[in-house]
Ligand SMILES: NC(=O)c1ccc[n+]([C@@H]2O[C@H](COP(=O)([O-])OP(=O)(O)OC[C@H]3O[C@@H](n4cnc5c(N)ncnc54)[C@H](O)[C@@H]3O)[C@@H](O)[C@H]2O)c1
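Below, in structure tokens: the form predicted on its own, a single chain.
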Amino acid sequence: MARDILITGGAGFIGSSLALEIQRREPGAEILIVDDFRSGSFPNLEGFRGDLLTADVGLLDWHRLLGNRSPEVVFHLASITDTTVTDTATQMRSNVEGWRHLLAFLAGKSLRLVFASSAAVYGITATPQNRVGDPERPANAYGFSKLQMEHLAQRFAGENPKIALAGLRYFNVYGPREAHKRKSASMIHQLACQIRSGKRPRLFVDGSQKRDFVYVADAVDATLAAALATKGNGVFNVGSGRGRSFNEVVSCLNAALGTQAEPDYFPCPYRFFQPHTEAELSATQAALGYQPRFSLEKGIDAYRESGWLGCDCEQ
């Protein structure tokens, strides 16, 4: 593991989990987190011993902050994470222009760069399994912004051969340190909140829609693998490799929480709602050596054992 590491968005869900795991694996690493706390939370960083700068990555004077210093690895996770923010200009300014600003500083350096993309770039596809290389048809502003980030990264990589660059299309990540996201937290967290509050878990239509739910520990493993891989240039799916229905989620939550909650079905209000997502992982496995460890059942059990499942349930 590198010793000089920069993480943007490090107070967020995946970012904080990543920072704490790096700290656990490499206690001597110097970790700098940059986060403006628009979608981050300070309790997520309990136990973090590195440096923390509160700033917008799109406005930060990187040269003044770091000068000629070049981190060995940069993880760019800063982003608007609420997929229901429909204003395209807001998504683009935050996600794409912040990314462009960081890339301008990193140009010409030699390092490993990993950035967060999303399965939202696939949109509502004709086939249930999502494979890198298939046509991207993002159905919301968030997915569109992530796809533009990928295009920008591809051009940048061609102009900067000393920078090894990997983009990760995270599927539906869930687990500890997501509660602060409220309505944009995973459906696993939100449904657990409803059940623990004595309410019926609310599902669209009949609950048969499927998602590739990936436990955050697996997402962190893939992110670290992307930073270490010798063949890890390009864009890669990060998921469990299996689509599971929302009805199955409720069943798993009932088993984990010792409840018998029955779903409350209602019409879906979102025209861009994806009926089925499932990560095809062969390229990720070949290039990064990534192998997910958590099934939905195992992940929800680990979530419950962490004490974070359904915590801070005020919606």
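Note that residue numbering follows the sequence shown and begins at 1. Since the model is a prediction, treat every value here as computed from it, not as a measurement.
The discussion below concerns the form predicted together with this ligand, not included here.
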Item to check | Location of this ligand contact in the model of the complex, chosen stretch of 101-109, 194-202, 172-180, 239-247 [non-hydrogen atom, 4.5 Å] | outcome: 172-180
Checklist entry - Mind checking whether each of G15, S39 and V57 has a heavy atom within 4.5 Å of this ligand in the model of the complex? => result yes
Checklist entry - Is there a heavy atom of K146 no more than 4.5 Å from a heavy atom of this ligand in the model of the complex? => result yes
Next on the checklist: With a cut-off of 4.5 Å between heavy atoms, is G299 one of the residues that contacts this ligand in the model of the complex?
Outcome noted: no
Next on the checklist: Can you tell me if N130 lies within 4.5 angstroms of this ligand in the model of the complex, counting non-hydrogen atoms only?
Outcome noted: no
Next on the checklist: Contact with this ligand in the model of the complex for A11, defined as at least one heavy atom pair within 4.5 Å: yes or no?
Outcome noted: yes
Checklist outcome for this item: Of the residues spanning 62-82, the ones with some heavy atom within 4.5 Å of this ligand in the model of the complex are L77, A78, S79, I80, T81
